[in-house]
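First comes one chain, alone, set out as structure tokens in the form predicted on its own.
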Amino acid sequence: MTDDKDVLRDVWFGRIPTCFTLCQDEITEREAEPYYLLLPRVSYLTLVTDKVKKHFQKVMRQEDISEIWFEYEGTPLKWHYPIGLLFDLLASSSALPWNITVHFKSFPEKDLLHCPSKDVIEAHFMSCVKEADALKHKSQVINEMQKKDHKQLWMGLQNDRFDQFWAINRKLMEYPAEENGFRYIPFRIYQTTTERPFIQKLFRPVATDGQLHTLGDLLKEVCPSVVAPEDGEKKNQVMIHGIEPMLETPLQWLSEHLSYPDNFLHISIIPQPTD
């Protein structure tokens, strides 16, 4: 992969200032103070909120506590989506800190997966990495790795260790020099305006004539109305990691540098904010 290590670092160390408040419906023995935390964009809510959980449980009785879950303005937050994706999709036009409500009862079974332990997060993360490598290298790279390499990827993410993670992850970002890129680009496109959770399809980074496909090419193919609205007025923002990459950016470069640790490009399409 081309070595823009500063970009990789900036992505990894991206943080969202967040204020956690206990839902008013929860029964407490004394008032629950809000809890402030810088959330890592590349991680998962249930992986980085142990302190939040402990903070609120201190003012609650044991019998009033069941599985923790989080909500923003009435929307339950899917723990299996990376934090940065949740913020971009739901809250990128709101003022900081991000105000998240904490619940310990009335788990929304229809909206969220249960997350009883860190093992569940690890299993979800590794299945995404494997799916991404199936698209990029027909699973050859991930299958050639040893179990300890898989563990190092996970521990790097869990413990926020950039060098530990990238020592292994860089192998997943390589490709033969003669091929100009991966087999297919692992991506998911999310929109709040549709019921469909996300769009995912096979898309090659290089066109048949050898030209590199761009982010704009991908959007034209997958959701054309976003790139060229009928009246010509820009109605949407296309966001990855809180920024709007230029539509001319080669998809291969984006995949190598702006993928989340699960090796997917998570692309949010959100309505253009009105000033």
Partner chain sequence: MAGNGELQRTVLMATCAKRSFKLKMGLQCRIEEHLPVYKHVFPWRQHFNLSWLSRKEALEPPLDDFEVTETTTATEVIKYEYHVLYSCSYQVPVLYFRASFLDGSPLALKDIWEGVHECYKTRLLHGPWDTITQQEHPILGQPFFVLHPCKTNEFMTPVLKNFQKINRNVNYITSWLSMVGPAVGLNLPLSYARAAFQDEGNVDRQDSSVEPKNLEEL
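The shown structure was predicted, so the numbers you read here are calculated from the model rather than taken from an experiment. Residue numbers count along the first chain shown, from 1.
Although it is not shown, the form predicted together with the partner chain is what the next lines describe.
Between the partner chain and the residues K148, R161, H114, K105, the one pair within 4.5 Å by heavy atoms in the model of the complex involves H114. Only one of E174, E73, E179, D119 comes within 4.5 Å of the partner chain in the model of the complex through a heavy atom, and that residue is D119. Contact check for Y184: a non-hydrogen atom falls within 4.5 Å of the partner chain in the model of the complex.
At a distance threshold of 4.5 angstroms between non-hydrogen atoms, A95 is out of contact with the partner chain in the model of the complex. Although the partner is absent from this view, H137 stays clear of the partner chain in the model of the complex, with no non-hydrogen atom inside 4.5 angstroms. The shortest heavy atom separation between A167 and the partner chain in the model of the complex exceeds 4.5 Å.
Within 4.5 angstroms of the partner chain in the model of the complex, the stretch 184-213 places a non-hydrogen atom from each of Y184, E195, R196, P197, F198, Q200, K201, L202, taken in sequence order.
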